[in-house]
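Shown next are two forms of a single protein chain, provided one at a time as structure tokens under the names structure 1 and structure 2.
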Structure 1
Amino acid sequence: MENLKAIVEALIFASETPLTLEKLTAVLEEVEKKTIRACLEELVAEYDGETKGFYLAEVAGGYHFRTRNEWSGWVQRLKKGKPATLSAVMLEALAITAYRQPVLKAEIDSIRGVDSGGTIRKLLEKKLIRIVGRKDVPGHPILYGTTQRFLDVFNLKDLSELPTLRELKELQE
């Protein structure tokens, strides 16, 4: 297809969330999946090598344009405010969910040593965690896991990109 790179760029630019290869394949039905994948890899490499204010990142199972870190202060000025932040309590519960998923509220409570009901509600509202099912035990308690939005917010391709416990300990030292 002529101008495939320009079309793929336009689609990613217009998308508010990371655009998956599957979605691109559905939109560009006359183009083979492997051709689109090669186009994406080429675009990622091109944007990585340039000194523009943004780059093309593979996050949350899709592709999305991101502002380079060194220019984020200017974007914050434009948006007139600070980026949304998560409290330490929310980050703690989110980390437990990310590393232990699927996880029960009772497990989060046990690790944190306090009730996490309100925190879990806030994380659900922010769409950083979701209900992934129910445990097959009496009472059928709810199981929680992270969302695609979690991956997007933390700039991760998938959960395997989370730092290991060893890496976290090395950072602390």
Structure 2
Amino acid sequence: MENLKAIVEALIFASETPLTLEKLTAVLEEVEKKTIRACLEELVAEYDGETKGFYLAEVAGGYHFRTRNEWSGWVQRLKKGKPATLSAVMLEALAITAYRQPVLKAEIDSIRGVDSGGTIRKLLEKKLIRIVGRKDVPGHPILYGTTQRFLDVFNLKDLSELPTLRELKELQE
């Protein structure tokens, strides 16, 4: 198809959330998946430059335009708000959930060494974690896992982009 790259570019630009390859293939049904993927790769490369204001990020299983790190201070000035931050406590609980999911509150408590009830509630409110089910043991405790929004916020393509626990342990030694 002619101008396919431009069309893909337009679709991503118009999308509020990361646009997945599946969604793109559904919209551009006449085109083969691998052609679209090639277009995406070209676009990612095209936007990757230090003189650009934004880049094409691969996040949460899709593609999305994001401003470059370098200009964060200026964008914050525009937004006037204080930058979104997560407390160290929340990051800890989130980290455990990300690596151990599906995870029980009891496990989070045990690794952190303190009660995490309030923290878990805050993470649920922020939609960074979600209830994924209940464990089939007496009491049927709730199991938690991370959300798409978690990938979105941490600029992750998918969970496998995080270093494995083994890699982290080697780093330590």
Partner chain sequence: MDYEIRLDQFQGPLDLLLFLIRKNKIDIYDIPIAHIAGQYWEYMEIIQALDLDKAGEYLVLAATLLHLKSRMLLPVPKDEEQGGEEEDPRAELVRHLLEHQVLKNVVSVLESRSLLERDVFKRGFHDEGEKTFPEGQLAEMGVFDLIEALAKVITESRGTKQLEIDLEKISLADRINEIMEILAENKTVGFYDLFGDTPITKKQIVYTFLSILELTRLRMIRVFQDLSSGVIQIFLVEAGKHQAEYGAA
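For the two forms, the rigid core is made up of the largest set of C-alpha atoms that agree within 1.5 Å on superposition. Being a predicted model, the structure only gives us computed values, none of them experimental. Residue numbering: structure 1 sequence, from 1.
Participant: Between the pair I just shared, point out the form predicted in complex with its partner chain.
Facilitator: Form predicted in complex with its partner chain: structure 2.
Participant: Does G49 count as moved between structure 1 and structure 2, where moved means a C-alpha shift of 2 angstroms or more after fitting the rigid core?
Facilitator: Yes, the C-alpha position differs by at least 2 Å between structure 1 and structure 2.
Participant: Using the core for the fit, does the CA position of L21 change by 2 Å or more between structure 1 and structure 2?
Facilitator: Yes, L21 moves 2 Å or more.
Participant: How about A10 - superposed on the rigid core, does its CA move between structure 1 and structure 2 by 2 Å or more?
Facilitator: Shift of 2 Å or more: yes.
Participant: Cα of T164: shift between structure 1 and structure 2 in Å, core-fitted?
Facilitator: So the C-alpha of T164 has moved 2.7 Å between structure 1 and structure 2.
Participant: Rigid-core fit: what Cα movement does V31 have between structure 1 and structure 2, in Å to one decimal?
Facilitator: The alpha-carbon displacement, core-superposed, is 4.8 Å.
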